[in-house]
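Form predicted alone, single chain, as structure tokens, below.
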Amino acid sequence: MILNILFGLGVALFGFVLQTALGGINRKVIARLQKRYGPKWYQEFLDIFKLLSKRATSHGWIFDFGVIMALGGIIATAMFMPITNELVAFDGYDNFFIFVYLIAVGMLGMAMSASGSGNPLASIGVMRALTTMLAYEVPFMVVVLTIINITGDSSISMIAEFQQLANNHWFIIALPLGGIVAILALMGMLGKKPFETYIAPAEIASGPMVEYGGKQLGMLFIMHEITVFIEVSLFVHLFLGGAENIFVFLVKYVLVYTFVNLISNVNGRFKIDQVVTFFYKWPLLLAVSQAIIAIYLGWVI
């Protein structure tokens, strides 16, 4: 058990390093596309370590405890994430619903802490974040439940292995409508445009993050990087057939994150009511249509 825990912590550390480095490289790529020089690829590491060395202002124990709860919940979630078929810290416990429940702990910690600051902009950001989550999760869950129905298993690694045994018949191709919904939902999870309404720096001063500084802001940056790692990894395993080795995983991970990031940078931002209306309209319609086609008609490409 101790070795499993250490392995799990290693997965969380791997996710943090991978995503922080990739985030820095993507900032460089976007800057070059906009004919700017851009920051160094390791600038995000420097920012986080600098913040961790500074003192933070407290707004009460709920504010402080929420940050610890948020980071702890996300690290615990990452510990269950498989990297490849063999690299799994807790074999047999990488169930999709475990991720759903554990990641909610981190999100609720963040919401509790931000609301505890008493800043109205933070409360608006939290309200928008929870509303956005409710919007993208419904169509995404319909697609994932369709996959679970087809594979007969809710284990992340078993779903990935199912696609590999079917000659790499990935679900993003086998379930094309579901694949489109999954990409849109992933953009909502990552807070990418046009779904970054809850951050909206020029509108609500970064929303939930407005009152944070010093080591608390550094901890939340770490939480954010690990959260992105979990969400992109879930997409890789559920829709791109997972990975037989770590090289394949890295290639798929980098391509997915860069693709979503590039799309985000050519979009504007939705209003919060537009986010909800959008997800409950086309993505939900596509997700339900895909479920009916795949489950009741048995048509899987």
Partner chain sequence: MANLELIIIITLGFGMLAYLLGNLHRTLGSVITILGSAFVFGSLAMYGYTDTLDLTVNYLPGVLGDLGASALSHYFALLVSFVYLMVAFFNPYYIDKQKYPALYSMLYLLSLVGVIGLFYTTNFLAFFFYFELVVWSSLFLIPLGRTRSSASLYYGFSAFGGFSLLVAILLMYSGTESFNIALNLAALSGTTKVFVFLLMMISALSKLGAFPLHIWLPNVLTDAPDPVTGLFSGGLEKLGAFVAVIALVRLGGVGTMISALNIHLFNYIIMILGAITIVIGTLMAIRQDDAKTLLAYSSMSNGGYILVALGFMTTTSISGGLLHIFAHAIASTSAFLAIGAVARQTHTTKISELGGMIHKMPITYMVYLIAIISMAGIPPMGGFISKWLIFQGVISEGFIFVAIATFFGSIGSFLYVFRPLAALFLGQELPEYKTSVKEAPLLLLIPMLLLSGLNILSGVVPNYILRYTNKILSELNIAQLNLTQFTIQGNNGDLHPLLIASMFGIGVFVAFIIFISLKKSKKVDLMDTYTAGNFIYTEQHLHYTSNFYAPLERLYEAYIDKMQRFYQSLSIKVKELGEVFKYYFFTYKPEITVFWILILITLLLWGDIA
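Residue numbers count along the first chain shown, from 1. Note that this is a predicted model, so its numbers are computed, not measured.
The form predicted in complex with the partner chain exists for this protein as well; it is not shown, and the discussion that follows is about that form.
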> Picking from 227 to 235, 186 to 194, 164 to 172, 98 to 106, which part of the chain touches the partner chain in the predicted bound form when contact means heavy atoms within 4.5 Å?
Replying inline: 98 to 106
>> Is it the case that P176, even though its partner is missing from this view, gets within 4.5 Å of the partner chain in the predicted bound form, heavy atoms only?
In response: no
>> in the predicted bound form, does I292 come within 4.5 Å of the partner chain, counting heavy atoms only?
In response: yes
> Is A21 close enough to touch the partner chain in the predicted bound form, meaning at least one heavy atom pair within 4.5 Å?
Replying inline: no
> Might I30 be said to contact the partner chain in the predicted bound form, defining contact as any heavy atom within 4.5 Å?
Replying inline: no
> Of the residues A182, L220, A111, M81, which one places a heavy atom within 4.5 Å of the partner chain in the predicted bound form?
Replying inline: A111
>> Using a 4.5 Å cut-off on any heavy atom, which residues of 55 to 69 would contact the partner chain in the predicted bound form?
In response: R55, A56, T57, S58, H59, G60, W61, I62, D64, F65, I68, M69
